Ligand code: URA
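A single chain, nothing else alongside it, follows as structure tokens in the form predicted alone.
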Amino acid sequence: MESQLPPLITPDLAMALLEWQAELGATEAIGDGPINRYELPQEPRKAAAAPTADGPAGAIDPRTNPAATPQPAPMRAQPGPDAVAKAKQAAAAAQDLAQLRAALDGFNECALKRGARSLVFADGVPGAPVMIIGEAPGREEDRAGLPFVGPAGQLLDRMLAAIDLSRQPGPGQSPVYITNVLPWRPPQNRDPNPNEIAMMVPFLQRHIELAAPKLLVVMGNISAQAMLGQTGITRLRGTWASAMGLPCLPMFHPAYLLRQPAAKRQAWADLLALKAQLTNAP
């Protein structure tokens, strides 16, 4: 009698693996179904060459085989020619943060708005000396309508508390103000494309003007691209720059630190640099 082997994946093991992925910062599956990444691609079948009246052997007549006609490469959807101009006009008209939020809520040029559940505007204390700029909302932020509330946000709160900062300050803590480059969640948490960033930068710049911080902290590549015109956060982090006439410190995004815990040592050095700058600020 043949013995039955136990299943390779038991329910308990599957749950443990799922919890491990969640601890690493995974929030959802990107695809709708499993993908066998070890499967070799199949070679396309080649049509047999045969002479024709319209050309040499092996030639395919596009009149009888439209699929053989070269097709132009699909183009990425572009914003309207005046989308950025409309964003600048709407942002400039806002005289306070409430009006800026309303202007964003009424801005329909960005397709991300149609796929998002919530407008994620800001959190913390307006007028705080430190303004933190993240990249874009994730699933938890889209649900709550607030930036940095998922696992990365929880890590950010602990990082800030380590240098006596908080979005909801208690005794002995100083306030911070938090926003993102994009107020709407990109599908499947993908990176925003340059067109989406360009549309949102006028709102972000007006946001900084109205919040009036003393310094900025940009977290991640998307934020560095929007505020500094540069990417490569591993190279940029920890070095003070200038944006909107304010001191600006690029840092690793907390989501990256969840995936790469070894980088927390560098993040701690950046936090100490931020604390020193605040201490020495006039």
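Since the model is a prediction, treat every value here as computed from it, not as a measurement. Residue numbers run from 1 along the displayed sequence.
Below, we refer to the form predicted in complex with this ligand, which is not included among the displayed structures.
Contact check for H253: a heavy atom falls within 4.5 Å of this ligand in the model of the complex. In the model of the complex, this ligand sits beyond 4.5 Å of every heavy atom of P183. Taking non-hydrogen atoms only, F148 approaches this ligand to within 4.5 angstroms in the model of the complex.
Not displayed here, this ligand is kept clear of L160 by more than 4.5 Å at the level of heavy atoms in the model of the complex.
Segments offered: 168-176, 87-95, 138-146, 100-108. Contacting this ligand in the model of the complex at heavy atom distances within 4.5 Å is 138-146.
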